[in-house]
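What follows is a single chain, given as structure tokens, in the form predicted alone.
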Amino acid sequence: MLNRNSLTPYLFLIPACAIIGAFVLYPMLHAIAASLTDYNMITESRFVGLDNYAQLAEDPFFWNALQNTLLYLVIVVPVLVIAPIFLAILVNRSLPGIKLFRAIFYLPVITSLVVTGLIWKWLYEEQGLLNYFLMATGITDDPVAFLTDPANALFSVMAVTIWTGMGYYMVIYLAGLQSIPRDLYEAAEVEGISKFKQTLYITIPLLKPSIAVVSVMSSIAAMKVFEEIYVMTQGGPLDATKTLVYFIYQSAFEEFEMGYASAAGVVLFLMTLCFSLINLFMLRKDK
């Protein structure tokens, strides 16, 4: 039988449940409902069933955006999962000024993505600092079209995403490293085990929970990338950097096809859910 004390914990959950319901569940259900209509903000919407999804299946711009999103996922996520581990190991030392280096690596995380995008757009220009460095050092004779060549543009934007995310994931790994008992390393030192083998057989296995968290978070971030693309290329050139989120933005707010954009949003949601479940399954398997 429920009494006053047993109900108290549930009362504390009500505000959180109300916020999640208002700002997460309701918009999600509304988007799913809108994806089954021809809602366009101007005329009265009508139910069209799965027509929007059938139209997506035949839309080459949607497939191009999906391909760019998957390419982003395949390249950016492994880099953001692996590289910050070594960065965290590098700054996880008791050296003079090490806190300053940690702050420098974390600086891109607290910088606005719009500001970061504008800075990198300037660096990537044909007359920009990066091309000046490449030509001054003899690496190339002609300026590289980082953002105006379809072959380079997506990879140039990926580099910015990696640069801004490294510090964030480094902090997660740093917390994981500092939770590893020091006596494991001291015992390994007594046994004469090299630093490389200590990293391979002590550090990496004990960092698996952190690796799983970073894998989930970086996968979600890669699939919803938008700000860098909007500021630096706006999906161009020739749709070379148009990802699924940018496709949704254009369909909804430039072409006012809200129902169609909602259908693309549902597809993105299902993709994100699948990747998250796969990562969580792998984490559970490791346990």
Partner chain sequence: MKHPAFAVLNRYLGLLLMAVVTIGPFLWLLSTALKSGDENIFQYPPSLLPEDPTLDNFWRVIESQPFMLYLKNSVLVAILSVTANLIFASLAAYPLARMEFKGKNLIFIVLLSSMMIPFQLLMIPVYSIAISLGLQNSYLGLILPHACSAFGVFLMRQAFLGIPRALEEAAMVEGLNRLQIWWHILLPLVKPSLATLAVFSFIAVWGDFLWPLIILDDPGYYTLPLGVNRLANTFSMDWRLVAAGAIFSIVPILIVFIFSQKYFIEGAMKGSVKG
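None of the values given here were measured: they were computed from a predicted structure. Only the largest set of C-alpha atoms that superpose within 1.5 Å between the two forms is called the rigid core. Residue numbers count along the first chain shown, from 1.
The following text describes the form predicted in complex with the partner chain, which does not appear among the structures shown.
Relative to the partner chain in the model of the complex, residues Trp63, Phe155 and Ile202 are all farther than 4.5 Å at every heavy atom.
Among the residues Leu36, Ala240, Met258, Leu56, the one placing a heavy atom within 4.5 Å of the partner chain in the model of the complex is Met258. Just one of Ile82, Val114, Val190, Ala151 comes within 4.5 Å of the partner chain in the model of the complex, counting any heavy atom, and that one is Val114. Put simply, Gln178 is close to the partner chain in the model of the complex: some heavy atom of it is within 4.5 Å. For Arg93, a non-hydrogen atom is located within 4.5 Å of the partner chain in the model of the complex, even though that partner is not displayed. Within 4.5 Å of some heavy atom of the partner chain in the model of the complex lies at least one heavy atom of Tyr132. In the model of the complex, Phe146 stays away from the partner chain, with no heavy atom inside 4.5 Å. Applying a 4.5 Å heavy atom cutoff to the partner chain in the model of the complex picks out Lys224, Phe226, Glu227, Tyr230, Val231, Val245, Ile248, Tyr249, Ala252, Phe253, Met258 from 222 to 260, in order along the sequence.
Once you line up the core between this form and the one not shown, the Cα of Leu270 stays within less than 2 Å of where it was.
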